[in-house]
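The form predicted on its own is given below as one chain in structure tokens.
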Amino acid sequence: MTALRVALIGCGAIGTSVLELLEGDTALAVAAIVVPEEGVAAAQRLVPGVPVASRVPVAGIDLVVETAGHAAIEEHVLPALARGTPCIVASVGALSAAGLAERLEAAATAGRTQVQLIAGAIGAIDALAAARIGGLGSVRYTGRKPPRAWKGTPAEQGRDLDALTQETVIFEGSAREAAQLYPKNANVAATVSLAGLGLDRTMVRLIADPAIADNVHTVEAEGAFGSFELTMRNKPLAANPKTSALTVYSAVRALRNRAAALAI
């Protein structure tokens, strides 16, 4: 069987981890790594033997996977979809930007292809999306992370994260607001929203907790189907504590499902 030729957008913490996990996979071949022009030389040193470019190649690519954020979706994913190349998007939080989800859908429709949003660091997305069909009443997401995971975010305004001695609620509101204020932490909130009630009707609470070392995600949903509560305690990605390691595994699973004869 011919290997699926993949263009990987981004060579940061998630992208490099995806590359490591795909090493030796005969069903998937990373045919190109796409980074900004100024990062091409560094990426070439990091991954010798893999072509590095500042644009997704127009030919020779079967699938695009994005691990680089909002700008990459605008610059690379939308054009790839429009010319008919299927894409996998990891930066789901970027879809909190007004109109971006609709633009992705329109580009995929124009190219007669599909864009897939990965579940990332959270589970039960299949159950939530199924429950929406029957009628969802409420969905609430709570994200609890160590204080260091909130550094460089609005959580630092008016408080010293290093001095926290007990759990502190740093945000409470809609998923859209959460994703806009905490874009590097709120992919889960956006994913839960898009599978369920949408960005404006999904309630979010974000917590800095000095008593934990893992990233803890809880989803509570009620509706015609009944109710469920899911809690996941994810190890943070060593290279980036704002991201759960499960995000990388989710991206690799999505890639392997594209190449597999039997997928689940």
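It should be emphasised that the depicted structure is a prediction, and the values quoted were computed from it without experimental measurement. All residue numbers are counted from 1 along the displayed sequence.
This next part talks about the form predicted in complex with a small molecule, which is not shown.
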Discussion item. Considering non-hydrogen atoms and a 4.5 Å limit, which listed residue (92, 178, 131, 155) is close to the small molecule in the model of the complex?
Written reply: 92
Item to complete: Sort through 74 to 82, 170 to 178, 97 to 105, 143 to 151 and report the only stretch with a non-hydrogen atom within 4.5 Å of the small molecule in the model of the complex.
Response: 74 to 82
Worksheet item: Are any of the heavy atoms in residue 9 no more than 4.5 Å from a heavy atom of the small molecule in the model of the complex?
Response: yes
Discussion item. Even though the partner isn't displayed, in the model of the complex is residue 236 close enough to the small molecule, meaning a heavy atom within 4.5 Å?
Written reply: no
Discussion item. Can you tell me if residue 208 lies within 4.5 angstroms of the small molecule in the model of the complex, counting non-hydrogen atoms only?
Written reply: no
Worksheet entry | Contact label in the model of the complex: residue 69 to the small molecule, heavy atom within 4.5 Å | yes
